[in-house]
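What follows is a single chain, given as structure tokens, in the form predicted alone.
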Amino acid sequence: MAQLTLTNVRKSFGSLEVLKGIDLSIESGELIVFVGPSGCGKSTLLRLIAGLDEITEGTLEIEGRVVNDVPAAKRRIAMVFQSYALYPHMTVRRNMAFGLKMSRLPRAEIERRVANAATMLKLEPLMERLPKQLSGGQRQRVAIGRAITREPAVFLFDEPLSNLDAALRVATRIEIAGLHERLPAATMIYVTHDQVEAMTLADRIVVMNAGRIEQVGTPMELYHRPANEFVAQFIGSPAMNVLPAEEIANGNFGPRAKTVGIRPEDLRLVDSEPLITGKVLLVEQLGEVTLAYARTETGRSISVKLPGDHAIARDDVISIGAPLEKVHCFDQDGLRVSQEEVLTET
């Protein structure tokens, strides 16, 4: 079991400050996902935890011990990279065993660990193949297996699915979720820019932006109660519609509400008293759902998620409503205004 605590962690490269004071506690056995746009600092933070880069300021504790100056090899951490990082001239078996041989573990112990990892990930038929003889998904499973053989206290995953096609991403995501269940004592930290991966894998999500943490919470906490506009629009697909409060008809949201957010799946077509009206620009019929993209009278873009094979077409003028409890309000700084405050002010 390994608890991690980051206190005021900062990282600068010359005059460029990439991480701007990260405070975070990660519980033992937790699968936590760092998510955010490219350049937000999530991979840099992962490298600091791994010991691959030095912390400029602040402290990192693992199992209650400050490890700022502890070498990466002694942190009981294993990292899985998006590039797999397999030795091309070694078989799967040798790739999985190589790090253990360098640590001079007994041969019987090496064989036991490799066999356990191979069984866990169903790699037995592939053990004598070279990486070039494997698919992308199989290579990633080997990389995960190599991490498992180290029996670390903490697993770090740096965008491990980004090089896979859609079907393999789903299959490998299932493998990682299963790994979390089979190794409940291991703490796992997973970095991705894909919020779908974050929502489906995480016990808790850390949403990052411009070197700072915007919000930490369970997937459903972030979905239902985003702390600010950035989180509201980053979590959920398609992104939440955010419009100036003054442009929402029939909606008095109080003086603090400067913008109003409504998720596409919470919008519905109505016959009277619409919150928004718009002209349909594009319709995507996806079988289970229909996505309609429209433009309001003031030129704002909105998206609406409708059930099934909905009868809607390009150039239709639509009236759109939503239940009040599904409406999110934000103040002039983009921070959430609670439903209680909205109802009180109105």
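Residue indices: 1-based, along the sequence shown. This one's a predicted model, so the numbers in the text were calculated from it and none came from an experiment.
One more form of this protein should be noted, the form predicted in complex with a small molecule, which is absent from this view; the next part is about it.
With the small molecule omitted here, the record of contacts in the predicted bound form names 41-49 of 308-316, 41-49, 289-297, 61-69, defined by a heavy atom within 4.5 Å. Shown alone here, D266 lies farther than 4.5 Å from the small molecule in the predicted bound form, counting heavy atoms only. Although the partner is absent here, E159 sits close enough that one of its heavy atoms falls within 4.5 Å of the small molecule in the predicted bound form.
Although the partner is absent here, H193 is a contact residue: one of its heavy atoms lies within 4.5 angstroms of the small molecule in the predicted bound form. In the predicted bound form, the small molecule sits within 4.5 Å of a heavy atom of V18.
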